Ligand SMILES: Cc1cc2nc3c(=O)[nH]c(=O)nc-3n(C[C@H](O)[C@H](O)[C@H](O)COP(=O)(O)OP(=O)(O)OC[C@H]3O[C@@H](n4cnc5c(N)ncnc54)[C@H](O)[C@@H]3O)c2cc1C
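As structure tokens, one chain now follows by itself in the form predicted alone.
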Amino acid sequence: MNLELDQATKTAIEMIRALGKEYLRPLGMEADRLYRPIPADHSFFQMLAESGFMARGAAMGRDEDRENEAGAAGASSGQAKAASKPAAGSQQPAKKSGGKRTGNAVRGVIVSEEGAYWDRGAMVTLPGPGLGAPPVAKMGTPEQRERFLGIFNTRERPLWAAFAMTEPSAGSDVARIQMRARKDGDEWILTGQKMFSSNSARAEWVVVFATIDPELGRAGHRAFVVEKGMPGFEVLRIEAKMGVKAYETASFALDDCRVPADNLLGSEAYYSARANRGFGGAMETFNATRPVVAVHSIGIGRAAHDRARDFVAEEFPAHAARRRRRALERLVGIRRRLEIGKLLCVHAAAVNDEGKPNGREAAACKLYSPPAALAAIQVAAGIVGEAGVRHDQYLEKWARDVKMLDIGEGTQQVQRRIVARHLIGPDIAR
């Protein structure tokens, strides 16, 4: 695995770092204090749209060959100048150029870790296709990829997309989804509810997984793109979350929502080609996104580590030499765990870049990383002491933020089952 970063990735990291200092962390703290997401009409999002920021996400899943383009990394004087760099989380196949180009899945992991370091909630709410892009890229026809991802090439206004799988009666057990889909002429009619869907309330379209018959289990799964304004789409509520308040997490209902047949991802041929293709597409999506979600926790843990390190360097009294040495020893242990977690995430992404199955690797990094981040926050709080519970010290916010990463994209119990199946076989790991 080549860990040398190409210039496009280095530039993207610099850009996210500049945005993080000036916008992401302040906006994330403001959203947490006000207990509401960053508004969709915020000037920050408009600025990003005008800079061409969303086009990076739109590039995902396209077939044509692309050259890496470098953009300015600065984000000062109210301008973000990074329109042409690949998007965080992008799964565009790596170009073979002597092994020097960083794969897009690896780039997504590395850039996302930097974004989460500044504020995970604010980063997730950045305009673009977001979690809606992987299923469109992996399951959609070329025409669908162009149709649904191409809208993000605009610079006129910020746009979002979303992904919806979780239901009130089907969380970790994806095979049990109950949202129904039935064919009616040239349309599909969707009925049911989804919950915990990031950015779906403001999205131009949402990828929704449904079943043509619950009795079929995994074989009945289908994926549809439900567009804003389609009759029957109703946002029920914006969830009041414990952490990561900067982005919207919505629950919505589809009440006999009519969706054109052209919005069935992959068309009928995709699902008839192989059994359980819809469920397989969902799992491929999770395997692509889990390393990114897992590395978010590493970014948060690194932020906590650095806060404690700076506290030791700047605020420990000169006579507290033994206390300082013990604190540094604890930070070394935490940094080692965080580095291991990051390498697990990068490895899972690298396997994905190679076009190989990465289910075990994706589950392993998701299993390891959130607990490592939580341990980092706890150690940092112990070092900082009583000041660690103050809101302006970030630590109590990061503790709330990282807990969601322990649950989202599959709970720890789910990840253990996946890893066990790969290690000892599906029959034993039941």
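None of these values were measured; they are calculated from a predicted model. Position 1 is the first residue in the sequence shown; the rest follow in order.
Separately, the form predicted together with this ligand exists; it is not shown, and the next lines address it.
- Though the partner is left out of this view, V244 does reach within 4.5 Å of this ligand in the model of the complex, counting heavy atoms only.
- Contact between T285 and this ligand in the model of the complex is not found at the 4.5 Å heavy atom cutoff.
- Although the partner is absent here, L265 sits far enough away that none of its heavy atoms falls within 4.5 Å of this ligand in the model of the complex.
- Remark: W160 does not count among the residues lining this ligand in the model of the complex, judged by a heavy atom distance of 4.5 Å or less.
- Heavy atoms within 4.5 Å of this ligand in the model of the complex map, among the stretches 265-273, 338-346, 197-205, 294-302, onto 197-205 alone.
- Taking a 4.5 Å heavy atom cutoff to this ligand in the model of the complex, the contact residue among L126, V351, A181, M165 is M165.
- Checking L131, V259, I334, M139 for any heavy atom within 4.5 Å of this ligand in the model of the complex turns up a single hit: L131.
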